[in-house]
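Only one chain comes next, encoded as structure tokens, the form predicted on its own.
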């Protein structure tokens, strides 16, 4: 059967919840901030509503700068625990529409994938009806709006959900994938980060169509076999990854604060090595291998950023973990001069220990 995947993405989630809780601010610019220990003069924007975005306010922007752009905006502190409770209610609604318990994947506090292939019998018209029912139930039960993308795989569904934000629904049938993807700037392709986008631009690749038509041998030469192949597949709308619920048991991670905010390479790599060793020791104690490595950085302005690599098959090699984590951290250090506050290492997609080494596929 032709797979049919739904991606649900809540609209400006934190700010929307605050509007729901206090209707008097609904017509105003609302900015939710992660304040630092310096009070309301410090910290960064976590999210904001569309009125604030029209004023030029963006996530990760320093709160002080946001205030200068829109002094009359409503500035509120993040209430993460409360938002998590709302998310639990939403995810219960979404989960009920998936084909099975296993056909659901929560990817963040406000996003999830659902495999509805059997529910809609691979019929995209029926899938649209299911998507509309989801939107209606979310609005009725939680008084919030969401945007829905429906496609033949996770890649297309994810990109479709952002196509008509806010409160939109976009269906991309299998035969429509190329027309949907090809005109897009290559940076819009889910999984391509700024570093890769810049490198592709240097190669004259500006659109998804350019990427799909580019010589695959050159992509492999520049990016390596797995990443180059992934780029070509993504540009063609090919994505075979399953929708699968992730749990804490699928991951082993460790995160820690640096002694002080810093961009010093030696200090950062020293802590990274310590964290990777601890994660590796825990993986060995559980006698598991891993297929993914994720490095997380929380910057001094509280912005969080992650990079991940997905291995071609499970490994349990300490040096492979160190090398992969150091590569990603090196990219972070090269991309910004901002100081780091906390860093983390996590391995995922755990399985019975194999002892094999592996090359890695790409997931940025």
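Keep in mind that what you see is a predicted model, and the values were worked out from it rather than measured. Positions refer to the first chain, counted from 1.
Not pictured, yet referred to below: the form predicted in complex with thymidine-5'-triphosphate (TTP).
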| Any idea which of 289 to 297, 191 to 199, 85 to 93, 103 to 111 reaches within 4.5 Å of thymidine-5'-triphosphate (TTP) in the predicted bound form, heavy atoms considered? | 103 to 111
| Which one, 322, 53, 70, 309, lies within 4.5 Å of thymidine-5'-triphosphate (TTP) in the predicted bound form by heavy atoms? | 53
| message | Looking at 233, 165, 182, 254 here, can you tell me which has any non-hydrogen atom within 4.5 angstroms of thymidine-5'-triphosphate (TTP) in the predicted bound form? | response | 165
| request: Mark residue 9 yes when one of its heavy atoms lies within 4.5 Å of a heavy atom of thymidine-5'-triphosphate (TTP) in the predicted bound form, and no otherwise. | output: yes
| message | residue 47 versus thymidine-5'-triphosphate (TTP), in the predicted bound form: is there a non-hydrogen atom within 4.5 Å? | response | yes
| query | Taking heavy atoms and a 4.5 Å cut-off, does residue 14 contact thymidine-5'-triphosphate (TTP) in the predicted bound form? | reply | yes
| remark: What changes in the predicted bound form is the Cα distance between residue 303 and residue 231, by 3 Å or more; the two atoms are closer
| Closer or farther in the predicted bound form, the Cα atoms of residue 304 and residue 194, when the shift from this form is 3 Å or more | closer
